[in-house]
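Next comes just one chain, in structure tokens: the form predicted on its own.
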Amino acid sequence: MDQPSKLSPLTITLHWLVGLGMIALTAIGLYMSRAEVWTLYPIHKSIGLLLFVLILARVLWRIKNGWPAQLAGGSKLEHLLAKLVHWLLITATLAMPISGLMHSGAGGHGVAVFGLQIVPSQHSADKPDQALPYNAGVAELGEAVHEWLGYLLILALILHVAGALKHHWVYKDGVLRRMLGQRV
């Protein structure tokens, strides 16, 4: 369990695995969509689904363990903003894979984890390169949520990193050192 002066190894491990995984998948997702590199989609979906397992573990751990104790640095407004950003991050990390599954699965593109098919793809007989949606409305909603949450996640990550660096360099209160496994 976490203590105010030291976070548990599980808290630290889940934080960094989920955080770095989401950063990597967001960067890959932006690259894929902008450069239209369709060959990366199966890898993106596979890693996203595996990361979703860690995200669920992190959320369950957060529910069981609670939020880490806030250290002294910052005003009430900054603490409120930090709480908002943390809730946004945890919500977005849950909603990103769910919306991606909605888009891909309901859109007829299928869902697989490194070749192990979970939701089969559905293609037109006369146009085999064209996916036929199982439910176009769900697929479109999933696509819109996935895209906009990606941008919101980038903003939240920037605020999160900026806050951690401010705690480290301005307040010198140990928030970043604690997340690196050190006792403060």
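Source: prediction; values computed, not measured. In this text, residue numbers run from 1 along the sequence as written.
The following text describes the form predicted in complex with a small molecule, which does not appear among the structures shown.
Practice task
Considering only heavy atoms, tell me if L153 and the small molecule come within 4.5 Å of each other in the predicted complex.
Solution key: So L153 counts as contacting the small molecule.
ask   = Taking heavy atoms and a 4.5 Å cut-off, does K166 contact the small molecule in the predicted complex?
value = K166: no contact with the small molecule in the predicted complex.
Considering non-hydrogen atoms and a 4.5 Å limit, does the small molecule approach E143 in the predicted complex?
Result yes; E143 sits at the interface with the small molecule in the predicted complex.
- Item | Non-hydrogen atom contact S33 with the small molecule in the predicted complex at 4.5 angstroms | Yes, S33 is a contact residue.
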